[in-house]
Structures are given as C-alpha cells and as structure tokens.
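Take a look at this one chain, the form predicted alone, written out in structure tokens.
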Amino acid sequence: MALVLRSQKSCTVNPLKMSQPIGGALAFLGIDRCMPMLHGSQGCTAFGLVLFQRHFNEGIPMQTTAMSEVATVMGGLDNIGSAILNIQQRTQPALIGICSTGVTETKGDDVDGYLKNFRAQHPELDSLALVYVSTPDFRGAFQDGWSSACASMVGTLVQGDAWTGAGSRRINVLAGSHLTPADLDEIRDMCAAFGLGATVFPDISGSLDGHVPEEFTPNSLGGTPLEAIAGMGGAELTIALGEQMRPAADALARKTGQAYVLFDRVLGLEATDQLLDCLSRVSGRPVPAKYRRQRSQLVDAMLDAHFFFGGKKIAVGAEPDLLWELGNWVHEMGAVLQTAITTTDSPLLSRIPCAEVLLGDLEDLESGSANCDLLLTHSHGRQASGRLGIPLHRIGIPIFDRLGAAHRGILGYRGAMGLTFDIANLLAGSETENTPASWPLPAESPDACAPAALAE
C-alpha cells in the first residue's frame, strides 16, 4: 500500500498537471461534428488550443465566450447565448460542448438555468445538441475534466433506442483520457475480431488521428456520432477503460440499466488477457489465433528486455490512471518505481506498487529522481532529464517535441511490446553512454583474449 501525500509547497513550480477545462474540451473533440467552447476569457481557450495543436499537430476547433473584465463581474450568461448563435451560424455543428473555467465558476453563473431559458427562446435550434459541464480549473486536473464531460454527455445525449449502425452485435467502450488514438483503433480492431461492433466514446481516433480529410470542416472531423451515443443503451455490454470512466459508466447504468465492466488497466500481459477474455465471453467466440501469437511475442519481448529492467529505478509523473498503468507495468518488468508524482486524487493511488505517491509538480519529480535510471512523463520533463543526466521517455499529454504521439499506444499485446522495447532501448543506451568504449585493463591482469595469454 502506497502512502498518498499532497505537496505542502506554497506554489507550484514547473506544473505537471493541466486543468479540467482542457480535459473536458478534449473529450468533446472525440464527438463527431462537435465544437468545444470554454466559458471564460480568450486566454483560457488560447492556452488549450495551442497545447492541442502542438501535441496532435492538427488544426483544433475550439471557441470561447470571450469574457471581459466587466462581464466577469456583472455576469456573462449573455456571452454564452451570443457565442452559441454565432457558432451555429458559422459552423453549424451537431453539438456544442460548453466547459466552465475558474473565472465563471468563481462568479457562480447558473449556466444550466440559462440554457433552459435559451432553448425556450430559440426553438429553431432544437436540432442542435448542447452539453454543459462544470470544470473549474482551480480544482481537479485534466482527467477529472474528461471524466466530468463524459458523464455529462451520457446524461444529456443517451436515449433509450439502440443504434442500428454497422454490425449486428454491439458493445460500448468508454475510453479514458490516457488512451491515444492508436489505442482506440486497437480496441476497435479487437472487438471486430470477435464479431462485435464497438461504439467507442469519446473517439479521438476519428478526429485527432492525423488523417487528411477530403474536404474542410470547421468542427471536429470525426469521432463518435451523436446517433451512436443516443443508442448506447441498446448495447450488450459496456466496457469502461480507466477508473476515470466509472462516473460515465454509472450514469449510463442509471439511465438505461446497461451493465458494465471496468478495466482499470490496459497495459501489460495480464491486463490484455483479461480484456480479451471478456470479449470472448461476450461474443461466445474463442480468442483469435493472431492474438495468441501476439501474446507469445510479448512474452518473448519481456524475456529479452528483463535484463535491462531488473532492479532499475524509475520515476513516473502522470495523471492517476496513466500512473497506475505505468507503475504496475514497471513493477511487473522487475524494475523499482522509485518516485511517483501525480496530479489529482484517485482511489487507485494507494494501491500503486511504491512507497509513496505525491500529488505534486515536476520539481517534486526532479528532486525525487536524483538516483533514478529513467524518467517517464510528458515533454515538460525534458529539462529535468537534462539536468539529471538520465533518459526521458515521453508519454501522456503534451508531447510537442517529438512527432507521432497520437500513433503510439500502450493497449493490447502490441502496445505493451512496443513500450517494452522503447524503454529497454533507452535503458540499454544509458548503460552504453556511461561505459567507456574500451575498458582499460588492470596492469596486473593479462588480457585473456590476447595471443600472448593464449600461448602461455
């Protein structure tokens, strides 16, 4: 059992966490033809816009209610109505997802009440879906915003009718913010291999996977269709990936009676075994041969790599669900999780295989990593890596100094194998860098391989 501590510093130095509104906005970006909107100042939205553009290297649709100083003090509800009308006129989205910010939360705007009155005054917008989620950036962190947005969308958009999309047998997959577009493609392929159609929600693999659309769209250019979300209650089972998706799964269960299974891990041999076993039970089909071979390949990769992992000290800074994934995987590979830093509370933290988990920042990660062999965190950990002289594997959001972050995943046997090789190569490289090209032999010890030694 890990001891969960909270940093007692007077200020955050080199922040690890990102705010709730940014997490909520990313969840909305996983819905087809959606326009996320932050109810706050222009700077709040600009920050998230730049962060996502640098991470995904894609154009990001995002709007703001552009709260001014006067509107903040006097109340900015009218800004919401004006923004909705402007967005509808210019981009005609299927959904506008509204995230609050610290500015409007401090003022205490009754957005839910305002939206009811707005709906009554504008019946011409009945076909436009509106979802509001409270995401104050002075509380919680990135995955909390994602979780709250998903629960709000389920409560607002899910209906009783089943979706008649492609595939006769369907399941729901509620995906956490720690999963990449590549991970979502992998889980969709897994479901298809068992003859199951999957409604992945939210599905950033459709909107932020780096494809070039045939024509320009000002809204999100893919993701979960609204009709698929409306019909989620008709699925055979809901699979939630990540503890952060429990509120959304509970909301779906309350609304539709839909049973769900939650997997708090998707990385590693045992986690993938359990996921495939669940799909096999639901479909009534055996695990396909290709996954049996992939499993064998992962086992071989773990055998090859364990020499580099054994006893190594590793430091991880990540959101709780990603920290849980990486911490357990590091432990299973024979390394030591020396330092664990995270951003927000989670029931998983006390179960992470290390002595302490600290809710802190990247300064805490750096100070706790002085004797470590590897850092695992996002791109903002590069300065600590350079100062400490230890390698950094970039994982999570944001990754802005490397290409292809959206196409790297951890889910499934292939995801675990790729991560295993990446980390083993880093650890092997650090050993090589610290070892001279040719060791000087002690004067009293003859070279056993020299011809003279052999002749004697």
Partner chain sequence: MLSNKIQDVFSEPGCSKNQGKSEKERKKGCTRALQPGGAAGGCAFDGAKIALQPITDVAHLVHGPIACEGNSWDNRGSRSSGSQLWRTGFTTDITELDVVYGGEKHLFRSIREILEKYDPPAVFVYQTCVPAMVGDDIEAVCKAASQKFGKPVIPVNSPGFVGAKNLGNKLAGEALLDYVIGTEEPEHSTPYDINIIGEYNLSGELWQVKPLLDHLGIRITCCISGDARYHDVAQSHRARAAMMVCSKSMINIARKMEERYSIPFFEGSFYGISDTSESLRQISRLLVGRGAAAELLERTEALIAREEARVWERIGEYTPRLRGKRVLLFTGGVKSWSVVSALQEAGMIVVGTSVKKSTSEDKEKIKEIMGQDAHMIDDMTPREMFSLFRDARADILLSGGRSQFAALKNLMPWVDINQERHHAFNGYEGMVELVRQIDLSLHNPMWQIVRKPAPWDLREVS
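All values derive from a computational prediction rather than experimental measurement. Numbering follows the first chain given and starts at 1.
Unshown form predicted in complex with the partner chain; subsequent notes refer to it.
So, in the predicted complex, is residue 66 in contact with the partner chain at a 4.5 angstroms heavy atom limit? Result yes; residue 66 sits at the interface with the partner chain in the predicted complex.
Is there a heavy atom of residue 22 lying 4.5 Å or less from a heavy atom of the partner chain in the predicted complex? Although the partner chain is absent here, residue 22 would touch it in the predicted complex, with heavy atoms inside 4.5 Å.
4.5 Å heavy atom contact, residue 152 to the partner chain in the predicted complex: Residue 152 lies outside the contact set for the partner chain.
Does any heavy atom of residue 79 come within 4.5 Å of a heavy atom of the partner chain in the predicted complex? Flag for residue 79 set to yes.
Tell me, out of 353, 197, 218, 368, which residue has a non-hydrogen atom within 4.5 angstroms of the partner chain in the predicted complex. Spelling it out, the residue with a heavy atom inside the cut-off is 218.
Considering non-hydrogen atoms and a 4.5 Å limit, which listed residue (334, 225, 288, 102) is close to the partner chain in the predicted complex? It is 102 that has a heavy atom within 4.5 Å of the partner.
Report yes if all three of 15, 50 and 53 come within 4.5 Å of the partner chain in the predicted complex by some heavy atom, otherwise no. The answer is yes: all three residues contact the partner (heavy atom, 4.5 Å cut-off).
Tell me, please, which stretch of 189-197, 288-296, 238-246, 355-363 lies within 4.5 angstroms of the partner chain in the predicted complex when heavy atoms are compared? Going by heavy atoms within 4.5 Å, the stretch is 355-363.
May I ask you to list the residues of 86-106 that have any heavy atom within 4.5 angstroms of the partner chain in the predicted complex, in sequence order? Read in sequence order, the residues that approach the partner chain (within 4.5 Å, in the predicted complex) are 86, 87, 90, 102, 103, 106.
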